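The chain below stands alone and is given in C-alpha cells; this is the form predicted on its own.
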C-alpha cells in the first residue's frame, strides 16, 4: 500500500457520525490531520510486524542446538549483534512519536510534515521487506561459512540504515529538518 491507499482506507472506515461531522468547517482540517496520524501509526505497525517476522525467522533457525554449535565465537557475536539491533530498531519504530503535537507545544507538526513522515515510514516498509528477503536467503546458507558471515554483516548494515532512517524521522518531528 502507498500513502494514499492507507489514507483512503482510514477514510472508508469512518463511521456515519464522523462522515457527517467532517462537513463542519474547521473540523474537517482537524480530522484530516487525525487521518494522517492514523495512517502513520498503521504504517509503523506494519514495519514492526515485518521486523518481528524477520527476527522470528532467525530465531527459529538457531533454535536448534546443533546449528548453534557450528558457530565460532565471532559468528555468535554476529548473531547476537544482529538480534540486538533488530530488537532496538523494532522498539524504536514501535515507540516512535506518532506525529502528534498538542495545542500549546512549541513545535507544531503540520500536514506537510505528516506527509513527509508517512513517506519515510513507507520507505521503512520497503527496507524491512528487503531485510526480510535477505534473511530468508541467509537461513538457507550454512552458518559459519564466509558467504554466511558476509551476508550477516550486510544484514547488520541494513539494520543500521533503518536506524538512521528513524533518526531522520525523529528530526523532522522535532522540527530540526525543514
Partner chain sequence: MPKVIEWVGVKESDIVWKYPSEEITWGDVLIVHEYEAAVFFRDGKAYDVFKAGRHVLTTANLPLLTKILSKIAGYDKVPFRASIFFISLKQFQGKFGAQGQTKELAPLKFFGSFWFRAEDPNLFVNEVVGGQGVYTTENLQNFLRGYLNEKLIDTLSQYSLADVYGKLDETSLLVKNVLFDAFSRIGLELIDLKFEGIDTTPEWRDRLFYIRTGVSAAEVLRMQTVEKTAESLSKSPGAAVGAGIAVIPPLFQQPAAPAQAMVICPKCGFQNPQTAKFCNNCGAPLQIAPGINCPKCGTLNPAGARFCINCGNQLQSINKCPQCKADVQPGARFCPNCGAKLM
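Positions refer to the first chain, counted from 1. This is a predicted model, so every value here is computed, not measured.
Although not depicted, the form predicted in complex with the partner chain is the subject of the following passage.
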Is it true that 125, 146 and 161 each have at least one non-hydrogen atom within 4.5 Å of the partner chain in the model of the complex?
-> no
Quick one: find which of 135-143, 149-157, 116-124, 56-64 has residues within 4.5 Å of the partner chain in the model of the complex by heavy atom distance.
-> 56-64
Though only this chain appears here, would residue 82 touch the partner chain in the model of the complex if you measure heavy atom gaps against 4.5 Å?
-> no
Residue contact check: residue 52 to the partner chain in the model of the complex, 4.5 Å heavy atom = yes
How about residue 69: is it within 4.5 Å of the partner chain in the model of the complex, going by heavy atoms?
-> yes
If you check in the model of the complex, is residue 41 within 4.5 Å of the partner chain, heavy atoms only?
-> yes
